[in-house]
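What follows is one chain in C-alpha cells, specifically the form predicted on its own.
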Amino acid sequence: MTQKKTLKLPKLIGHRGVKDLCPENTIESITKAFDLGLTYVEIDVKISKDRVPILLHDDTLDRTTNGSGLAIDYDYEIIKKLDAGKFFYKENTNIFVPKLEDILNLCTNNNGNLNIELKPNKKFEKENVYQIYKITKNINQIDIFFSSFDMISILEISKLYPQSIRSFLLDDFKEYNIDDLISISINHDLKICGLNIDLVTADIIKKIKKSNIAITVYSDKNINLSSATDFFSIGVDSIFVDNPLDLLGKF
C-alpha cells in the first residue's frame, strides 16, 4: 500500500470532471478538466452487480443514462451499453459509464489527481469500499483522496486503508454538527472535511482550522469567482467547480 501520505490540495477541483461543460462522471468530462489545466478531479464511485467500481452519482441510473434502476442490479457490461451523454446533449451519443479503472488510467496518463467519493450502495457499503480499495491500494503515480457523506463508508475505508487521505462530507448539520465533524475527523485521522457552501461561515472555518483539518466546499451550482475569492479569504483550501473557465489563473 503505497498511497502518498502528504496532502497537497489545489485551489480548484473539477466536480464530476467539469459537469457544466460535459456529461458528469465520464471520460469526456474528466479529459476536459485536465485539458483546461485542472490538476484534480472529483468522481463518484459505486459498484455494479458484478462488483465492478463504476462512476455514478445517483442511487439510480435514471437521470444520467437512458437506463433505469439501481446500478447494483446490473452487471457492468449491461451498464456500459447505456448512453451516459444523452441527458446532457439531448441527442444520442456513444458516451458510456466508465469503470474506475478507466479513470485511474486516464489520470495516470495526464498526471492528474483524484478525489474518489464513496457513494453508498444500500446494504453494499462495505463491499463497495472494499472493491474500490482493491483497485487503488497500490497506486502511487498520482495523488488520491477519498471522501464520503456515508459514515459506514468513511469508517470502512479508514479501517482498510489507514494510510490513505480521507474526508468526511456534510451537507447540513441535522445529523452531525460542527463539533461532531471535528471529533469524527480527529478520532479517525481524517485530514480533510467537505462542507456545503450553505454551512460555511468565517467562525466555522476558523474552528475547523484549529484542529489542522483542511476544508473543501461544494455547491449544487457552480461557484463563481466572487464567492471563490471570499471562501479562500476566510481559509477554505479547495472548492469544487462545475465550470472553471472564469476561475482559471485567478488563484
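Start at 1 and count along the sequence shown; that's the residue number. This structure is a prediction, so every number in the text was calculated from the model and none was measured.
This next part talks about the form predicted together with a small molecule, which is not shown.
Proximity of His57 to the small molecule in the predicted complex: non-hydrogen atoms within 4.5 Å are present.
When contacts are judged by a 4.5 Å heavy atom cut-off, Phe149 counts as touching the small molecule in the predicted complex.
Although the partner is absent here, Arg166 sits far enough away that none of its heavy atoms falls within 4.5 Å of the small molecule in the predicted complex. Although the partner is absent here, Phe240 lies within 4.5 Å of the small molecule in the predicted complex, judged by heavy atoms.
Shown alone, this chain has one stretch from 179-187, 26-34, 202-210, 42-50 that lies within 4.5 Å of the small molecule in the predicted complex by heavy atoms: 42-50.
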